[in-house]
Structures are given as structure tokens and as C-alpha cells.
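Provided below as C-alpha cells are two forms of one protein chain, presented individually as structure 1 and structure 2.
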Structure 1
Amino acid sequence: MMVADFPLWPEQASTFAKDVDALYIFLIILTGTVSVGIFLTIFGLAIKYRRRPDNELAQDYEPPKILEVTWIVVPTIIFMGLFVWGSWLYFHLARVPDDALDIYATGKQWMWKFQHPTGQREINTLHVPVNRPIKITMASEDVIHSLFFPYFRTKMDVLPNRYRSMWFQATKTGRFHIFCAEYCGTLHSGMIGWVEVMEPTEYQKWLAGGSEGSMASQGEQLFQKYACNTCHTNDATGRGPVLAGLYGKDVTLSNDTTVKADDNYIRESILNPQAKVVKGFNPIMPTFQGQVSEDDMMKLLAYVKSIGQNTAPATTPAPAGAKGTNP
């Protein structure tokens, strides 16, 4: 019990945790040895050569200059090793596995809102299945926050002007901290929550309880509510481009450059349509800045994404096994 009350080491609850801890332990041993070595040398020399009546003045002796070269070259080599190791981990974290389960998060002063692909929403709690990569796509509704999972050893700042995504794969079931790590105002330290890591079957059961329809289908409704469908029709007759099949493709713009239609491109197209105008179309799309909330934006994105996968149906495929239990 005492140990649980006074942890000196954070629990390892993700695939990433072991790797980060390995580098951490290596660094502790390496820098600990060097530092203690330096302290002992200083102490030892300061005692051995302390000022005494017969040692009033230092001896006229200089250590060999080769030392200088040694302690420039050796640390440099070690540092390069650390650089490679650290970068390797960073890359690992930046590359989201393809089969990851998509979850959307929005940060706002001072709460975390999560939404599952099948539509479930929760605040300050996030249910995820164990042993499956989870990708969190996130944005902030106001200031910068940072979504921090200490027991998964990962965090990422959540920005108000663009989507970012992070991922993790939990390795054990249980309840783990969520913290906001970027100072965001009065209740920054209250912007906390829990991840509930569950067995996949439990997760499916949890998903089954109460859903307002998948995010993509909610997005489809919004698509009508905001009258996007007046211009974006399903065939080439509309005043705006067809959005089906768009997501993930390259788009040619009016200035003949191409951009990839990713999360941030879709977002920008809706909030600031004049920034990148699609070739062959007039810049008549109105801006939705200030009208579409961050939540709705996520849903619209989920919708555009869902029709981008060439599978036409306006629902994101639910995780395996979910179909039967979903309304």
C-alpha cells in the first residue's frame, strides 16, 4: 500500500513505455556514472591538494593537452549515439499504424471531450480497448492544451488552428491518468481525466450502450444543416466539387500547385475556403469560421473522410464485432 501511495516509477501501460524507460535508464546510468565520477574527482583532488603550509602555492605542472581532445571527442560520439536512439523513438511515435482505431478529442478550457467513431461521446474519460493501436485526432477550441498520458509515456500539444494526431497502444487494462500538460488558464490543473483500458469485448459492450449514431452519420446531418449539400452534390452538376473520394487524394489548386486532402486541408477548406481554391471552381464558398464548433468540425471531417474511402456509405466501419450490437 505504501508503495502505491508513493510511486517512484510510473506504471508501464503502453508498448511505447518500455522503450522510453529503456532510454531513460540508460541515461541515468551513463550520466550518473559520469557525474559521480566528476564529483569524486573534484572532492578527491580538493582534499589531496588542499592548501597546507607546505603546499601554499600550486605546483607548476600542466596535465597533457591530449586530455582536452579526449573530452571533446568522447562526449561528441556518445551524444551522437543518444541522438540516434532518441530520434528512433520519436519516429516510432510519429508513425501511426494503419489499423489504428480513430478517436477524436477536443480540448477546451477546462475539459477533454472524446468521441468514438461510432458516435459515443465522453468527457474527461476515455474508454479504449487494450492491445490495439489508438489514434487520437485532436484540436483545441480555445487556447493550447497538451494531452498527456504519463503511463503511456506520450503527450502532444493540442492546437486551436489545426488537427494533430498521436497514437498509443495500451498493454494492460486499468485506469490511467490523463493530464493537461500545457498551461491553459485558471483550472489547468483540473483539466484531468482517466483512460479506461478495457478488454476488447468489454469495450464493445461499452460502445453498445447509448450512441447518437456514428460521427460520420452525425456529420452527414450537419452537412445538410449547414447547407453544404446545396453546392456539394453527388455529381458534377453542383457549384462546388464532389467530395466523395476526396479524402487522401491530391487536389490541384487554381495556382496549379497540388496539395494532399488531409485533415488540415479539409479543415482549412471549411474555415478559410479562399486560402486554397480548387482548380476549375469559383471562390464562392462562404467561410464557416465562427459558425462551425470544434465538435461539429470533427463530425464534418469524419463524414468527408467516410465518403473518401470510396466505399460510399456514410458510416465509418465500426471496429470488428461492433456491427451487430450497434443500433
Structure 2
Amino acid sequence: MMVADFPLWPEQASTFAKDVDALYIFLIILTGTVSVGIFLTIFGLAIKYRRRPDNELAQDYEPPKILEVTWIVVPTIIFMGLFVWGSWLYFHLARVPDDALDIYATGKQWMWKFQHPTGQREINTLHVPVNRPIKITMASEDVIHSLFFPYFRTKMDVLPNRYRSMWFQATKTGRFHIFCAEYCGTLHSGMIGWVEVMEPTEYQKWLAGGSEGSMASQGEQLFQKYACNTCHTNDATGRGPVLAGLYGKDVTLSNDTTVKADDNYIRESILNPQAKVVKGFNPIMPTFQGQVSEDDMMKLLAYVKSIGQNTAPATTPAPAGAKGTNP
């Protein structure tokens, strides 16, 4: 019987669904076999050594050495094999391909909000192309959620006050469930949605169906709205560091430590700029905590990423507060 035909398993619809199922099924078979073996052994020994007149007195019995050695060596080999297998699968799930399509997700009681790089927004529905790696950068506006794609065999907790990322590559077109796998309040069970996996040409047509501009361009507008460009200039004459080309680079802080300018670094620099001050700059940047929504934060992040991909400085400086930056 195919796994997909068994009601306990959803259809396999991603590149690593078979790998996850293989490990899971092996664990079920292993634990089930051991459990049944232990039960049968106890049952058999209970009958064999039941109390009888000829065995009223206890007798010393030395178990065979080979039994003890086998009981130590065989489980060790099995558990080490499981450790290697599970570690390999974990790192495979954790390493996002370089060519992945960036999509941003926000969890909120009780809905999922998605934003595409081209600016399209969705609630409780996510459109993606088939056979293309999809990276989802996630944050929560309130409590802990968990974004779960059962058909893709991947799940990640979504936390407030920080970004996390996950990825998948759908191998089949169709409509697949989205669930929240972390209890998040009274309407937790209603925090569901759908992934619409489309052919690349159909996905491009869907993207062309209207937009308010790309996330990066919307982030540039926010950058100017909050007057970030008055301090973060591209000619290094501003009171804050240059943000063009910042994303993904190592940044030296005032205490001579270095950090990588990743998603969480940029977020912290906007909301808590005094936490990590860039070397050579004063801690004068004001906090934007409570002023920038989670959706706008992701737009600013997309803008910083976009100017980081340019080989030449952008015409407009990056968002106010890339981590450790000071306006």
C-alpha cells in the first residue's frame, strides 16, 4: 500500500516529504518491534519461571556475557544510526537553497498573513510556484504560533520579537492545508489556511494581478517616511552607517565584537538601536518600538536586502536602524 493511500499520512508533496516519512516509519517499526518483543519476553518468562514447588528457593544465575554485550552494542549502533540519520535530515531542512523565493509571513491571533516580494498580500492563503524552493521568513505579532504544512512535512514555531525562517519545495500542483501547530488561544483551531501550488506560468500571471509595488519599494517609502535617509546616507557623511550593501555582512560593534547583519540584527537595530551600536558611531538613534508594525518591519527588511544586492550604492539610503545603525 502506498503511504499516500494510508489515512494516517497526508499526500507527499515536497522534495523532503519522503525522507521525513521514511525516518518516521522506521521509528514506528523500531519502537513497535521493541515494545512487542519486551511484552512477549515478559509474558514468556512469567510463564516459564512461574512459582512451582521445585523452585521455591532462590538460585543464583549468571547471564551469558554475550547477552550483555549484545544488549549494549546493538542498541548503541541503532541509536547512533538514528542520530546520524536525523541530523542529516535536520540540516537538510535547515539549509535554505540560495535560489529560494523569499516570502514573508506574520502570525496573528488568529490568521496567517503572507507578503510576496512583488508586493502582493494574502490572508490564510499562500500562492507559490511548483518545483521552486520557497523561503518563508516569519514573525508573530502577539503569541507563539507554529506554521505547519503537513503535505510538505515541515513546521516551524513563529515567535514574537524575532525572525525565523523555513523552506520547502512543492513537487505537485494543487491545494494543500496550512495549520497552526501551537496552541495560541481560544480560536487556535480556526487558524488554518491553504497553499495554492501553481505552474510557474500561472504563478506569474497571478503575480501580475495587481500590486501596490514591491515590498522593497514600499520599504523605501517607509524609510523616507521615518526620515531614516537623513542619517543613513550613501556617501558616508551621515550620522549613521551606510546601509547599501550591509545585509549579510559582518559588522564591527563599539565593543569590538562582530555580528552578521541578518534579519534579526536589522530588526533589533530598528526597535532597540542601543543594543548593538556600530563602531565609530554614537548611540543617538531613537527607538521605533511601537511605531513600526510587523508588516512594515518586513518591508523595511526587504528594502535593506534589496540595496544590499546592488553592486553600487543605491540612490536612497537603507531603513533607519539596520542593526546597530545610528541615525
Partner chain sequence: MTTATLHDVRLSGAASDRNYFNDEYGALSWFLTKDHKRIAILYLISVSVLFVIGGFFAMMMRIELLTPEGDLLTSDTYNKFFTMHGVVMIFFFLIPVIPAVLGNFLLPLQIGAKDLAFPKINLLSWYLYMLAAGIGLIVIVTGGVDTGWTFYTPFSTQYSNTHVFGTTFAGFIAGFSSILTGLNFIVTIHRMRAPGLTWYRLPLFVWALYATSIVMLLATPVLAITLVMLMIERTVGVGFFDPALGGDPVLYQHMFWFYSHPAVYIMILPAMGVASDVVAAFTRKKIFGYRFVAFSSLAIAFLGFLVWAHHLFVAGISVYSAMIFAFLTFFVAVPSAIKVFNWTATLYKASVSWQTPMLYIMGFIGLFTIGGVTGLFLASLGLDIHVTDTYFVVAHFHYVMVGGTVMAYLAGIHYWWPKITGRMYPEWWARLAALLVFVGFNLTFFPQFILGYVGMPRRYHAYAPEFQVLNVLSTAGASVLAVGYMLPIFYLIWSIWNGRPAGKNPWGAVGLEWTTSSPPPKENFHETPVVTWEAYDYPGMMKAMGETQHV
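In this text, all values refer to a predicted model and were calculated from it rather than measured experimentally. One-based numbering along structure 1's sequence throughout. Throughout, rigid core stands for the largest set of C-alpha atoms superposing within 1.5 Å between the two forms.
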Form predicted in complex with the partner chain - which displayed structure it is: 1
Superposing on the rigid core, is the CA of P64 displaced by 2 Å or more between structure 1 and structure 2? yes
Quick one: once the rigid core is lined up, does A94 have its C-alpha move by 2 Å or more between structure 1 and structure 2? no
Is the C-alpha displacement of G44 equal to or greater than 2 Å between structure 1 and structure 2 once the rigid core has been superposed? yes
After fitting the core, how far does the CA of V73 move between structure 1 and structure 2, in Å? 2.8
